[in-house]
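Here we start with a single chain on its own, the form predicted on its own, put down as C-alpha coordinates.
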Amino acid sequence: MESKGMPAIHVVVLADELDRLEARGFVAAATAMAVSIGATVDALIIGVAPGEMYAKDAVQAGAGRVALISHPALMVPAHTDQLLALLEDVLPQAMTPAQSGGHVSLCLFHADAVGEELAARLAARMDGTALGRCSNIEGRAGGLRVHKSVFGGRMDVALATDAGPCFAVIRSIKAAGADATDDSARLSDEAVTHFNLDDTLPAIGHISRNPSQQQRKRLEGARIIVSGGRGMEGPDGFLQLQQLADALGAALGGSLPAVDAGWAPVSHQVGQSGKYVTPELYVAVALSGTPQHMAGIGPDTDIVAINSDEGAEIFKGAKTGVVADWKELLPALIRRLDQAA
(Lines give C-alpha, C1' and ligand atoms only; values in the text may rest on other atoms or scores of the structure.)
Protein backbone atom coordinates (compact mmCIF):
# COMPACT_ATOMS: atom_id res chain seq x y z
CA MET A 1 0.00 0.00 0.00
CA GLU A 2 2.94 2.33 -0.50
CA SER A 3 1.90 5.66 -2.03
CA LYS A 4 4.22 7.14 -4.67
CA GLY A 5 5.39 10.72 -4.57
CA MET A 6 4.20 11.69 -1.10
CA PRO A 7 4.01 10.06 2.34
CA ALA A 8 0.92 8.15 3.40
CA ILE A 9 -0.93 8.15 6.68
CA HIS A 10 -2.03 4.59 7.42
CA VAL A 11 -5.42 4.40 9.11
CA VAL A 12 -6.34 1.11 10.82
CA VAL A 13 -10.10 0.53 10.90
CA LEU A 14 -11.35 -2.41 12.97
CA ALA A 15 -14.54 -3.18 11.08
CA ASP A 16 -15.95 -5.51 13.75
CA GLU A 17 -15.52 -2.83 16.43
CA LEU A 18 -16.78 0.35 14.71
CA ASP A 19 -20.09 0.93 12.98
CA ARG A 20 -19.92 2.48 9.52
CA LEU A 21 -20.71 6.02 10.63
CA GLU A 22 -17.96 6.00 13.27
CA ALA A 23 -15.47 4.38 10.89
CA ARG A 24 -16.16 6.94 8.20
CA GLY A 25 -15.73 9.79 10.65
CA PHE A 26 -12.39 8.29 11.74
CA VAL A 27 -11.07 8.21 8.15
CA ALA A 28 -12.38 11.75 7.61
CA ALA A 29 -10.44 12.95 10.68
CA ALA A 30 -7.25 11.38 9.31
CA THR A 31 -7.87 12.99 5.91
CA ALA A 32 -8.19 16.42 7.54
CA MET A 33 -4.84 15.90 9.28
CA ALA A 34 -3.20 14.65 6.07
CA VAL A 35 -3.68 18.03 4.37
CA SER A 36 -1.15 19.78 6.63
CA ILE A 37 1.37 16.97 6.23
CA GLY A 38 1.03 16.81 2.46
CA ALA A 39 0.12 13.16 2.75
CA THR A 40 -2.33 10.72 1.27
CA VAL A 41 -4.49 8.42 3.40
CA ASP A 42 -4.35 4.64 3.09
CA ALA A 43 -7.05 2.76 5.01
CA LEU A 44 -6.39 -0.73 6.34
CA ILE A 45 -9.78 -2.25 7.16
CA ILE A 46 -9.47 -5.37 9.28
CA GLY A 47 -12.08 -7.90 10.33
CA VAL A 48 -13.38 -11.43 10.06
CA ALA A 49 -14.83 -10.58 6.65
CA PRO A 50 -15.04 -6.79 6.18
CA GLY A 51 -17.44 -5.85 3.41
CA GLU A 52 -16.76 -3.49 0.55
CA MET A 53 -19.23 -1.05 2.10
CA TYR A 54 -16.45 -0.09 4.54
CA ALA A 55 -14.08 0.45 1.62
CA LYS A 56 -16.63 2.66 -0.15
CA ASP A 57 -17.10 4.71 3.00
CA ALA A 58 -13.32 5.11 3.41
CA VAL A 59 -12.90 6.33 -0.19
CA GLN A 60 -15.81 8.76 0.18
CA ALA A 61 -14.19 10.07 3.40
CA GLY A 62 -10.93 10.79 1.60
CA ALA A 63 -8.82 7.60 1.53
CA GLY A 64 -6.79 7.22 -1.64
CA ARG A 65 -6.31 3.46 -1.29
CA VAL A 66 -7.92 0.77 0.81
CA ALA A 67 -6.78 -2.67 1.93
CA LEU A 68 -9.54 -5.07 3.00
CA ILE A 69 -7.82 -7.51 5.36
CA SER A 70 -9.84 -10.53 6.45
CA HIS A 71 -9.03 -13.41 8.77
CA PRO A 72 -11.73 -15.98 9.69
CA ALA A 73 -10.18 -16.73 13.12
CA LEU A 74 -10.32 -13.19 14.51
CA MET A 75 -12.34 -12.95 17.68
CA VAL A 76 -15.34 -10.63 17.96
CA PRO A 77 -15.17 -8.50 20.06
CA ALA A 78 -11.51 -8.00 19.18
CA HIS A 79 -8.70 -9.56 21.18
CA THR A 80 -5.64 -7.33 21.05
CA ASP A 81 -3.13 -10.22 21.03
CA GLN A 82 -4.63 -11.51 17.78
CA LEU A 83 -4.79 -8.09 16.19
CA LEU A 84 -1.24 -7.35 17.28
CA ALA A 85 0.06 -10.49 15.57
CA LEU A 86 -1.85 -9.67 12.40
CA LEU A 87 -0.70 -6.06 12.26
CA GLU A 88 2.93 -7.00 12.88
CA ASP A 89 2.80 -8.91 9.61
CA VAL A 90 0.92 -6.29 7.60
CA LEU A 91 2.29 -2.94 8.78
CA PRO A 92 6.05 -3.30 8.07
CA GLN A 93 5.27 -3.45 4.35
CA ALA A 94 2.64 -0.72 4.43
CA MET A 95 4.74 1.69 6.50
CA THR A 96 7.90 1.72 4.38
CA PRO A 97 8.92 5.42 4.27
CA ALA A 98 8.10 7.21 1.02
CA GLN A 99 10.97 7.50 -1.43
CA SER A 100 10.73 11.30 -1.65
CA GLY A 101 11.42 13.48 1.33
CA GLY A 102 12.18 10.81 3.93
CA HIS A 103 9.00 11.58 5.84
CA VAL A 104 8.23 9.88 9.12
CA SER A 105 5.70 7.07 8.70
CA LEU A 106 2.48 7.49 10.66
CA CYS A 107 -0.12 4.92 11.66
CA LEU A 108 -3.42 5.99 13.23
CA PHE A 109 -5.89 4.07 15.37
CA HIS A 110 -9.34 5.01 16.62
CA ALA A 111 -9.31 6.60 20.08
CA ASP A 112 -10.77 3.83 22.18
CA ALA A 113 -9.32 1.26 24.58
CA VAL A 114 -8.42 -1.23 21.82
CA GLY A 115 -6.85 1.41 19.59
CA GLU A 116 -4.78 2.90 22.39
CA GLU A 117 -3.43 -0.51 23.42
CA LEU A 118 -2.56 -1.51 19.86
CA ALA A 119 -0.80 1.78 19.10
CA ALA A 120 1.36 1.57 22.24
CA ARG A 121 2.27 -2.10 21.85
CA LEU A 122 3.04 -1.81 18.13
CA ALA A 123 5.30 1.19 18.77
CA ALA A 124 7.29 -0.90 21.26
CA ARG A 125 7.50 -3.94 18.99
CA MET A 126 8.38 -2.01 15.82
CA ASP A 127 10.92 0.28 17.49
CA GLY A 128 8.67 3.25 16.84
CA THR A 129 7.32 6.27 18.69
CA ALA A 130 4.07 6.09 20.66
CA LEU A 131 2.30 9.45 20.45
CA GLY A 132 -0.79 8.48 22.41
CA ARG A 133 -4.11 10.29 21.97
CA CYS A 134 -3.69 13.35 19.75
CA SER A 135 -6.06 16.19 18.91
CA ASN A 136 -4.08 17.23 15.82
CA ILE A 137 -0.96 16.19 13.91
CA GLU A 138 1.03 18.49 11.63
CA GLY A 139 4.07 18.12 9.43
CA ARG A 140 7.37 19.77 10.28
CA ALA A 141 10.86 19.64 8.77
CA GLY A 142 11.91 15.99 8.94
CA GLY A 143 9.14 14.90 11.28
CA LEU A 144 5.83 15.60 12.96
CA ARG A 145 4.35 18.00 15.48
CA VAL A 146 1.48 16.61 17.54
CA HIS A 147 -1.00 18.41 19.76
CA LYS A 148 -2.38 16.71 22.86
CA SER A 149 -4.89 17.63 25.54
CA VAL A 150 -3.64 17.00 29.09
CA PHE A 151 -4.84 17.40 32.67
CA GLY A 152 -8.45 16.62 31.81
CA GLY A 153 -8.59 19.15 29.00
CA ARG A 154 -7.21 22.02 31.07
CA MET A 155 -4.10 22.40 28.91
CA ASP A 156 -2.90 21.69 25.35
CA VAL A 157 0.69 20.71 24.65
CA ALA A 158 2.66 20.40 21.41
CA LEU A 159 5.35 17.74 20.97
CA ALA A 160 7.78 17.34 18.07
CA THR A 161 9.34 14.11 16.84
CA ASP A 162 11.49 12.97 13.95
CA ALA A 163 11.69 9.34 15.11
CA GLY A 164 9.48 6.95 13.18
CA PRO A 165 7.46 4.97 12.60
CA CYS A 166 4.89 6.84 14.71
CA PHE A 167 1.71 5.42 16.20
CA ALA A 168 -1.14 7.58 17.45
CA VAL A 169 -4.85 7.49 18.23
CA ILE A 170 -7.30 10.15 17.11
CA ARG A 171 -11.00 10.76 17.55
CA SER A 172 -13.64 10.57 14.87
CA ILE A 173 -15.33 13.62 13.46
CA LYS A 174 -18.70 13.93 11.79
CA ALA A 175 -17.92 13.18 8.16
CA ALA A 176 -19.45 15.47 5.55
CA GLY A 177 -22.41 13.76 3.92
CA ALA A 178 -22.22 10.93 6.44
CA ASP A 179 -25.93 10.24 6.07
CA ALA A 180 -25.67 10.04 2.28
CA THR A 181 -23.32 7.09 1.86
CA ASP A 182 -23.66 5.68 -1.68
CA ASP A 183 -23.64 1.89 -1.37
CA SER A 184 -24.19 1.56 -5.11
CA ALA A 185 -20.92 3.28 -6.00
CA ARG A 186 -18.31 1.11 -7.71
CA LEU A 187 -14.72 0.87 -6.52
CA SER A 188 -11.84 0.69 -8.96
CA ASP A 189 -9.48 -2.27 -8.82
CA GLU A 190 -6.62 0.18 -8.22
CA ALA A 191 -8.32 1.67 -5.13
CA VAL A 192 -8.95 -1.56 -3.20
CA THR A 193 -6.69 -4.52 -2.45
CA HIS A 194 -8.00 -7.70 -0.82
CA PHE A 195 -5.93 -9.71 1.66
CA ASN A 196 -7.50 -13.01 2.72
CA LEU A 197 -5.20 -14.25 5.49
CA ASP A 198 -5.21 -17.64 7.16
CA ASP A 199 -1.93 -17.71 9.11
CA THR A 200 -2.06 -19.00 12.67
CA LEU A 201 -3.06 -16.44 15.27
CA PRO A 202 -2.16 -16.58 18.98
CA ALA A 203 -4.29 -19.02 20.94
CA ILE A 204 -6.67 -17.28 23.30
CA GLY A 205 -7.86 -18.87 26.52
CA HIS A 206 -11.52 -19.67 26.92
CA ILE A 207 -13.61 -16.59 27.49
CA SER A 208 -17.10 -16.95 28.87
CA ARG A 209 -19.58 -14.17 28.19
CA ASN A 210 -22.74 -13.50 30.12
CA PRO A 211 -25.01 -11.12 28.19
CA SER A 212 -26.31 -8.21 30.19
CA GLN A 213 -30.02 -8.24 30.88
CA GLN A 214 -30.00 -4.50 30.23
CA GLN A 215 -30.35 -3.96 26.50
CA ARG A 216 -29.17 -0.40 26.09
CA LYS A 217 -28.13 1.47 22.97
CA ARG A 218 -24.39 1.87 22.50
CA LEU A 219 -22.85 5.28 23.11
CA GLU A 220 -20.62 4.82 20.07
CA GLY A 221 -22.29 6.32 17.02
CA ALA A 222 -25.38 7.51 18.94
CA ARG A 223 -26.91 10.69 17.50
CA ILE A 224 -28.56 11.62 20.82
CA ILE A 225 -27.28 10.85 24.33
CA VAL A 226 -29.11 11.50 27.59
CA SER A 227 -26.62 11.57 30.46
CA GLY A 228 -26.91 12.00 34.22
CA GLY A 229 -24.61 12.89 37.05
CA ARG A 230 -24.34 12.77 40.82
CA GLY A 231 -27.34 15.07 41.13
CA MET A 232 -29.67 12.26 39.99
CA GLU A 233 -29.37 11.05 43.60
CA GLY A 234 -29.80 7.34 42.95
CA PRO A 235 -30.88 4.52 40.61
CA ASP A 236 -34.49 5.72 40.53
CA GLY A 237 -33.31 8.92 38.90
CA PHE A 238 -31.54 6.92 36.20
CA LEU A 239 -34.71 4.93 35.56
CA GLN A 240 -36.37 8.21 34.64
CA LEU A 241 -33.36 9.13 32.48
CA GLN A 242 -33.76 5.82 30.65
CA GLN A 243 -37.43 6.66 30.02
CA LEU A 244 -36.38 10.01 28.53
CA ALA A 245 -33.70 8.29 26.43
CA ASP A 246 -36.26 5.76 25.14
CA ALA A 247 -38.67 8.55 24.24
CA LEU A 248 -35.93 10.35 22.26
CA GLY A 249 -34.46 7.20 20.71
CA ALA A 250 -31.25 8.05 22.54
CA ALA A 251 -28.44 6.22 24.32
CA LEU A 252 -28.01 6.55 28.08
CA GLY A 253 -24.78 7.92 29.57
CA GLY A 254 -23.46 8.75 33.00
CA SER A 255 -20.67 10.60 34.78
CA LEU A 256 -17.88 8.94 36.75
CA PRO A 257 -19.56 9.54 40.16
CA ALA A 258 -22.82 8.05 38.87
CA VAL A 259 -21.02 4.98 37.52
CA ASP A 260 -19.00 4.58 40.72
CA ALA A 261 -22.26 4.67 42.67
CA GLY A 262 -23.64 1.84 40.52
CA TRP A 263 -26.43 3.89 38.96
CA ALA A 264 -25.13 3.39 35.40
CA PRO A 265 -22.94 0.65 33.88
CA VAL A 266 -19.27 1.43 33.32
CA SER A 267 -19.73 0.80 29.58
CA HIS A 268 -21.88 3.95 29.49
CA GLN A 269 -19.48 6.27 31.31
CA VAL A 270 -18.70 9.48 29.44
CA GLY A 271 -15.56 11.47 30.16
CA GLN A 272 -11.80 11.42 30.32
CA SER A 273 -11.71 7.98 31.96
CA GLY A 274 -14.75 6.72 30.03
CA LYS A 275 -16.04 7.00 26.48
CA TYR A 276 -15.46 9.86 24.06
CA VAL A 277 -18.76 10.58 22.33
CA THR A 278 -19.74 12.73 19.35
CA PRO A 279 -23.54 12.85 19.23
CA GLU A 280 -25.45 15.65 17.56
CA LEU A 281 -27.28 16.29 20.84
CA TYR A 282 -26.13 15.65 24.42
CA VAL A 283 -28.75 16.13 27.14
CA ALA A 284 -26.90 16.61 30.45
CA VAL A 285 -29.14 16.22 33.48
CA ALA A 286 -27.89 17.08 37.00
CA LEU A 287 -24.30 17.09 35.71
CA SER A 288 -21.90 19.63 37.18
CA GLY A 289 -19.76 19.77 34.03
CA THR A 290 -16.25 19.05 35.34
CA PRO A 291 -13.39 19.34 32.80
CA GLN A 292 -12.89 15.57 33.08
CA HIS A 293 -16.46 14.95 31.93
CA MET A 294 -16.48 17.63 29.23
CA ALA A 295 -13.28 16.13 27.79
CA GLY A 296 -15.41 13.16 26.70
CA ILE A 297 -17.82 15.19 24.55
CA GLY A 298 -17.04 16.19 20.97
CA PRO A 299 -16.61 19.92 20.26
CA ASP A 300 -19.31 19.91 17.57
CA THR A 301 -21.97 18.45 19.88
CA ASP A 302 -24.88 20.63 20.95
CA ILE A 303 -25.33 20.34 24.73
CA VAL A 304 -28.64 20.89 26.48
CA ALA A 305 -28.03 21.26 30.24
CA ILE A 306 -30.67 20.76 32.93
CA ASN A 307 -29.52 21.69 36.41
CA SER A 308 -31.05 23.29 39.48
CA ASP A 309 -27.80 25.20 40.20
CA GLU A 310 -27.66 28.22 37.89
CA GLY A 311 -23.92 28.52 38.58
CA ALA A 312 -23.10 24.98 37.42
CA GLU A 313 -20.07 24.73 35.11
CA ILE A 314 -22.08 22.69 32.60
CA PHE A 315 -23.91 25.84 31.47
CA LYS A 316 -20.66 27.35 30.17
CA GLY A 317 -20.42 24.64 27.53
CA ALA A 318 -24.13 24.30 26.81
CA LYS A 319 -25.95 25.64 23.78
CA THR A 320 -29.20 25.59 25.76
CA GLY A 321 -29.53 25.71 29.53
CA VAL A 322 -32.54 25.04 31.75
CA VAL A 323 -32.40 25.94 35.43
CA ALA A 324 -34.88 23.51 36.95
CA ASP A 325 -35.28 20.57 39.32
CA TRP A 326 -35.08 17.43 37.22
CA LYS A 327 -37.64 15.74 39.49
CA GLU A 328 -40.24 18.20 38.22
CA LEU A 329 -39.02 18.67 34.66
CA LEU A 330 -38.31 15.10 33.53
CA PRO A 331 -41.77 13.61 34.20
CA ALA A 332 -43.41 16.51 32.35
CA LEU A 333 -40.94 16.21 29.44
CA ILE A 334 -41.45 12.45 29.18
CA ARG A 335 -45.26 12.87 29.16
CA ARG A 336 -45.04 15.48 26.40
CA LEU A 337 -42.80 13.25 24.28
CA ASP A 338 -45.08 10.25 24.80
CA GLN A 339 -48.09 12.33 23.69
CA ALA A 340 -46.26 13.48 20.57
CA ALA A 341 -45.20 9.93 19.63
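Quick note: we count residues from 1 along the sequence shown, nothing fancier. For clarity, a rigid core is taken as the largest C-alpha set superposing within 1.5 Å between two forms. Note that the structure is a prediction, hence the values are computed from the model and not measured.
The same protein also has a form predicted together with a small molecule, omitted here; what follows describes it.
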item	value
Heavy atom within 4.5 Å of the small molecule in the model of the complex - residue from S70, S36, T301, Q272	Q272
Contact residue in the model of the complex, chosen from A286, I46, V283, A30 - any heavy atom within 4.5 Å of the small molecule	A286
Residue stretch of 22 to 30, 47 to 55, 60 to 68, 288 to 296 approaching the small molecule in the model of the complex, non-hydrogen atom distance within 4.5 Å	288 to 296
The small molecule contact in the model of the complex: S255, any heavy atom under 4.5 Å	yes
Exercise: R230 in contact with the small molecule in the model of the complex, heavy atom 4.5 Å	yes
Contact test in the model of the complex: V277 vs the small molecule, heavy atoms, 4.5 Å	no
Rigid-core frame, C-alpha of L330, shift of 2 angstroms or more between the shown form and the other one	yes
